[in-house]
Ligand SMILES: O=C(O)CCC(=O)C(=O)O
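So this first bit is one chain, no partners, the form predicted on its own, shown in structure tokens.
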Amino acid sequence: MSTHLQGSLFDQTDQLRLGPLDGLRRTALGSGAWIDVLPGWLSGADALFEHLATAVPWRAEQRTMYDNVVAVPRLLAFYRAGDALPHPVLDEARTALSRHYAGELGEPFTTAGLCYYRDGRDSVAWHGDRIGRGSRQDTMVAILSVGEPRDLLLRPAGGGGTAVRRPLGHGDLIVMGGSCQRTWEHCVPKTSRATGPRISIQFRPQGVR
């Protein structure tokens, strides 16, 4: 699979290293929802992107839309609790996040879902992670992004208001917490701008999708 990744000018190392999480900055969104953002949490993120692009058993999925079967516009992989993750640094990241948020979350992050956005035509529509407990309980979803930055947009559920925009890539971290999955939606929109590939790794507690 060809990746065509343009490396970050600010991350010129192949050594994978997680930084401290005390640099996280929280933004209150309203209705009990919040996001924490930490740019460049992972150094050497471009090397991780290259590894994941070739080592992960990516799958293409289809869905029914208006009586037609269409391709999901991104590649997917999912690692359940207890599954071996595709790189040791992802185990380190999950452990670090579980430790940092233990007081607020009250349980560890256990699963990892991966999305591969190959170019600007790949996307994910507005949604909240409401399958399982996320539909009725406050929870957290932590997303580590590697590869070219893509915009993550957030808006109140059902639309309306001004969307919050965060470009994420090259080792950036965002954590969506509180009521975010119930009261807000997020998406990665398509773009006509020339953009390289991005992989997002979503860490979730058990029973949240």
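Numbering starts at 1 and follows the sequence shown. If you're wondering where the values come from, they're calculated on a predicted model, not measured in any experiment.
Below, we refer to the form predicted in complex with this ligand, which is not included among the displayed structures.
- The three marked residues, 74, 129 and 198, each reach this ligand in the predicted complex, with a heavy atom inside 4.5 Å.
- Heavy atoms within 4.5 Å of this ligand in the predicted complex are found in exactly one of 121 to 129, 91 to 99, 104 to 112, 78 to 86, that being 121 to 129.
- Although the partner is absent here, residue 143 is a contact residue: one of its heavy atoms lies within 4.5 angstroms of this ligand in the predicted complex.
- This ligand in the predicted complex comes within 4.5 Å of no heavy atom belonging to residue 157.
- Proximity of residue 18 to this ligand in the predicted complex falls outside the 4.5 Å heavy atom cutoff.
- When this ligand is considered in the predicted complex, residue 56 lies well away from it, no heavy atom lying within 4.5 Å.
- Note on contacts: among 35, 152, 52, 38, the single residue with a heavy atom within 4.5 Å of this ligand in the predicted complex is 152.
- Taking this ligand as positioned in the predicted complex, the residues of 178 to 209 that bring a heavy atom within 4.5 Å of it are, in sequence order, 186, 188, 198, 200, 202, 204.
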